[in-house]
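Consider the single chain below, provided in structure tokens and representing the form predicted alone.
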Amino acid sequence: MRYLVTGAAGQLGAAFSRRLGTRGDDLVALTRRELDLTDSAAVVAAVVAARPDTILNCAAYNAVDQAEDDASGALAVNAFAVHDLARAAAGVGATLVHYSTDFVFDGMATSPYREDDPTNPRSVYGQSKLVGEWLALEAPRSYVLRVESLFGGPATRSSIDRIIATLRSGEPTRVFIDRVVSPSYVEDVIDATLALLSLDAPGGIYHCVNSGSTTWHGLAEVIARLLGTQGALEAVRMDDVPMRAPRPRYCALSNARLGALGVEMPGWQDALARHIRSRD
């Protein structure tokens, strides 16, 4: 199996590149510096040169607030580049795996979102990612995996990693008490992706998050307990924090479609514990 990874310096892309490299897979890993995804010709040329069996598109424009004033930039990476990858995948007979987000929902639900629930993104970022989903699915064989609150891997830039660092420093940690999430540990996302590919599962949209859900405050409490520290948690509400782009307030996702294939996602508490052990 030959893989092409885009966004290879990002959180998921770096973790994927490390895992596949360790396994000895045939791998072409391209960072943003090595491949400008906004250059259609360059994207097609890179895919033709690599001739992969599978394209793992881990690249994304994820500056959520900045996207409100840069819709063209967000669409260029999150949508139009995905169209180029889908077209190139079709040309070489490759499978396209594209990663999306919970931001395609409006956050007004009261139970975990399923893959076929209506989408209604409230931010430019979410809108650009939804268009990217549609375009990814134009590839003859494609998977769209929705992840959220991603953490882990070689990079330590996630919100969860910032909470860990702040709690360890003893500084006050501000966390939302009214935003519900289903975090995604990169190692578990990689396991699920490789399982889908090995099962030759039906293409389409899958939710790929750790099982269960929690508020950011509840998540921080578990982190503090795992770290063995009391922590100074400051509970805040979303309405009290000025943010340029609206965030979905309730964004728990259901893994039922993965589970029906026998791909079980570990609970988020277990994932957090493994992540923290890996950093010690």
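The model shown is predicted, which means the values in this text are computed figures rather than measured ones. Counting begins at 1, following the sequence as shown.
Another form, the form predicted together with a small molecule, is not on view; read the next lines as being about it.
The small molecule in the predicted bound form is approached by Arg32, whose closest heavy atom lies within 4.5 angstroms of it.
Although the partner is absent here, His207 sits far enough away that none of its heavy atoms falls within 4.5 Å of the small molecule in the predicted bound form.
When contacts are judged by a 4.5 Å heavy atom cut-off, Asp36 counts as touching the small molecule in the predicted bound form.
Although the partner is absent here, Ile55 lies well away from the small molecule in the predicted bound form, with no heavy atom inside 4.5 Å. Per the 4.5 Å heavy atom criterion, the small molecule in the predicted bound form is contacted by stretch 140-148, the sole one of 140-148, 197-205, 165-173, 110-118. Proximity of Asp178, Val180 and Ala271 to the small molecule in the predicted bound form is absent: no residue of the three has a non-hydrogen atom within 4.5 angstroms. For the options Ala88, Leu130, Ile190, Val77, the residue carrying a heavy atom within 4.5 angstroms of the small molecule in the predicted bound form is Val77.
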